[in-house]
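Given next, in structure tokens, is a single chain: the form predicted alone.
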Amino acid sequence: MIELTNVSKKYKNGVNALYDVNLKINAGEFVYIIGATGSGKSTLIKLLDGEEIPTKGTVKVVGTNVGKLRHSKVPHYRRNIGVVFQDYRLLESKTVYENVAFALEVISMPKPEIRRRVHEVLNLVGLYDKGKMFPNELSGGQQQRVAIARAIANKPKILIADEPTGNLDPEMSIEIMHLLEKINREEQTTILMVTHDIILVEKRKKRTITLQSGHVVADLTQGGYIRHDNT
């Protein structure tokens, strides 16, 4: 599903963001990505969604060598990946229904299919009765649920959740985690969750990859340590 082989990334300003990273994430996994600011988490996400290409090594996602993609092919490739951000990034002038539908309109899905899928995902995230409301009429947790619904609307194979609980209180954070786990289970979506919330990681144990100064320094599952070639 996701495979990084000897991946390094150096930006034009001279900053080395990742060093010789080797990772393999299988279809259907739920993986935490943790690490301090500047550890390489954001660069990893950018490599996966095609925003950046590796300086060295190979990034393969769903069988595609992302670094070799022509620029014109990147939008089509990104249909494999849904991304949820900490700040929701909803369209304030559109209703909940319209926010989710927009993600399907841009890929030219027929209108009857859009209606069916929007209702399906709103039901999945527990907002079926909120379709006519606008983002500013919702709580922070509800807005994040809309963002998640939009991200999974076209059934991406991978969902990247970038600090999805960062703006939420602990109780709401747990609700969002329940939802992500439900999507992982019911939609069979591979989930990568970037987070600083160590308490949440400890309470809801899953495979956890730790980045530090551009290196993978730990890759832990409930069963133990996953060894990589560069360890």
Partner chain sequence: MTILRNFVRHVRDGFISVARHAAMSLSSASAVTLTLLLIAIFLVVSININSATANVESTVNIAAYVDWDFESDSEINDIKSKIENLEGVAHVTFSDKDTELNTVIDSMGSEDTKAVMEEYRGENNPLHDVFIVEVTEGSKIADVTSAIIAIDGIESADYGGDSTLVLMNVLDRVRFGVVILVVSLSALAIFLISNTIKLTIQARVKEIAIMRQVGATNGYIRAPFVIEGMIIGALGALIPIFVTIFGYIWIYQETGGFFLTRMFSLMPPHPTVLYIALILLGIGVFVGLIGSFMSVTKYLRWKR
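Numbering follows the first chain given and starts at 1. Every value quoted in this text rests on a predicted model; they were computed, and no experiment measured them.
This next part talks about the form predicted in complex with the partner chain, which is not shown.
*Asks:* Using a 4.5 Å heavy atom cut-off, which stretch among 49-57, 34-42, 202-210, 173-181 contacts the partner chain in the predicted complex?
*Replies:* The contacting stretch is 49-57.
*Asks:* Find out whether any non-hydrogen atom of Glu92 is located within 4.5 angstroms of the partner chain in the predicted complex, and reply yes or no.
*Replies:* Taking the distances in the predicted complex, the answer for Glu92 is yes, it comes within 4.5 Å of the partner chain.
*Asks:* Look up in the predicted complex whether Gly140 has a non-hydrogen atom within 4.5 angstroms of the partner chain, and give yes or no.
*Replies:* Although the partner chain is absent here, Gly140 would stay clear of it in the predicted complex, with no heavy atoms inside 4.5 Å.
*Asks:* Heavy atom to heavy atom, is Leu168 within 4.5 Å of the partner chain in the predicted complex?
*Replies:* The answer is no: Leu168 has no heavy atom within 4.5 Å of the partner chain.
*Asks:* Within 4.5 Å, heavy atoms only: does Lys132 come near the partner chain in the predicted complex?
*Replies:* The answer is no: Lys132 has no heavy atom within 4.5 Å of the partner chain.
*Asks:* Though the partner is not shown here, which residues of 143-166 have a heavy atom within 4.5 Å of the partner chain in the predicted complex?
*Replies:* Contacting residue: only Arg150.
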